[in-house]
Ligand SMILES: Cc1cc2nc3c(=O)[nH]c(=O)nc-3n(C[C@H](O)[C@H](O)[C@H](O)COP(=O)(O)OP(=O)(O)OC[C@H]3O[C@@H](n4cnc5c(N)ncnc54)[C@H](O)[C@@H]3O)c2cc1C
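Presented as structure tokens, the chain that follows is alone, the form predicted on its own.
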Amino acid sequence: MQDRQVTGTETNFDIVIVGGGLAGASLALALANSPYKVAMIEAVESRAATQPSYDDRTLAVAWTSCRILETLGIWDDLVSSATAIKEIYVSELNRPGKVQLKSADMGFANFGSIIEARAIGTALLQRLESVSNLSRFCPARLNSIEPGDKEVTMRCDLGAEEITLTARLVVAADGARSSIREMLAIPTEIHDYQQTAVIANVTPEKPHQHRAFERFTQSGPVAILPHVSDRCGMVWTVPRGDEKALLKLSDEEFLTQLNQRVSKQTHEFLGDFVKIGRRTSYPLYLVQPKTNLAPRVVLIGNAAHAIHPNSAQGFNLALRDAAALAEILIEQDCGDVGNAEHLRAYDQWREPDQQETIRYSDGLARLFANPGWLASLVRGGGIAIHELFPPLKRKLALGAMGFRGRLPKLARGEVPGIGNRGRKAS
């Protein structure tokens, strides 16, 4: 990988990835063995504290996503910091009943793993250092983008000077506030959930034994996720504004409120939570463009779909995007990597998975925020039915594991190859 710090020359590429976060970096690594000349533009130093993709959040990495990371060759760098999820318990505050999912009952060793975003980012960057077909422009800020018939022209600030890059295809992996989406005036639906997620690591009295918990409330879900050293990752969703008071509480006061919020669900297994790490927060929105395509441009990851964290599918959806796009670009060789045929094939492949995942997470957020009696009846009935009927539980679990429609080869342990010749990962 080349870090470009010298400016002033025009540089031509086959593919330019705008955004060096988890989605963009994963795509760059998936294209490592392709014949394409690839560049990655990132506004923030990847190892900087302000790099949003590489923070301390714990990510629920689904089974199929773990397989993608393994096929990309970075799982060995993550395994020591990954904690398997073997049991999942879902319930609603002040309501009887719960859904219990156990991976062993479904023939799997686990449902996936909990891994810090920072660990995944570090592993990706280390592997990208040896990718010969990748040039990296960082820190660099995109000023303009002009799609043309045969190429896209971009102007970027790199240090004190402006550079011009051209590409046959531009991939927008620049997050929920995508600058490319804005520059191209792609119509986008943004729904403010009026909620904020408060996140931290917490330590329970008892070992978590690879159990994950999600408790739904009208103000938002509380998720407790198994983590390394018998810590747990916590995601507590509250109404917008309430996070300020939570963040100001002492550790003892915060833990008291947390224990009260989840005690009926977790106390039998975990006891009380007795220690908490640094607390942070971020607001929750649904961001959904009307289209993920423009001439010689495709949106992936949060640029294409920023969703509610209640189903823990945001990163997994982005990773499937990257894996599928790499497969299309490598295997459907039509002489022009930015050809509209490529982009339509990708969009048709990914749309069902994206739409189903968005409908599921958004539906949960709206259903559990609805105080009406009918919504309450639907919620209670849904939990009871899933617990009573094993086929529904299995379908729920398989969806959470990433088995939604056609899987990319990387999720099946195969490396895409030119001419549709995938090969098994070594």
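Residue numbers run from 1 along the displayed sequence. For clarity, every value in this text was computed on a predicted model and none was experimentally measured.
The same protein also has a form predicted in complex with the named molecule, omitted here; what follows describes it.
Next on the checklist: To test your reading of this chain, name the stretch in 211 to 219, 145 to 153, 71 to 79, 296 to 304 whose heavy atoms come within 4.5 Å of the named molecule in the predicted bound form.
Outcome noted: Looking at the partner contacts, the answer comes out as 296 to 304.
Checklist entry - Should S91 be counted as a contact of the named molecule in the predicted bound form, where contact means heavy atoms within 4.5 Å? => result Looking in the predicted bound form, residue contacts with the named molecule do not include S91, since no heavy atom lies within 4.5 Å.
Checklist entry - N316 near the named molecule in the predicted bound form, any heavy atom under 4.5 Å? => result Result yes; N316 sits at the interface with the named molecule in the predicted bound form.
Item to check | 4.5 Å heavy atom contact, I199 to the named molecule in the predicted bound form | outcome: Yes - in the predicted bound form, heavy atoms of I199 and the named molecule come within 4.5 Å of each other.
Checklist entry - Even though the named molecule is not shown here, does A326 get within 4.5 Å of it in the predicted bound form, heavy atoms only? => result No, A326 is distant from the partner.
Item to check | Residue (of A39, L27, A365, A60) lying close to the named molecule in the predicted bound form, criterion heavy atoms within 4.5 Å | outcome: Here the answer is residue option A60.
Checklist entry - Pick from I358, V44, M401, A32: which residue has any heavy atom within 4.5 angstroms of the named molecule in the predicted bound form? => result Residue within 4.5 Å of the partner: V44.
Item to check | Residues in 17 to 45 with any heavy atom within 4.5 Å of the named molecule in the predicted bound form | outcome: Contacting residues: V18, G19, G20, G21, L22, A23, G24, I41, E42, A43, V44.
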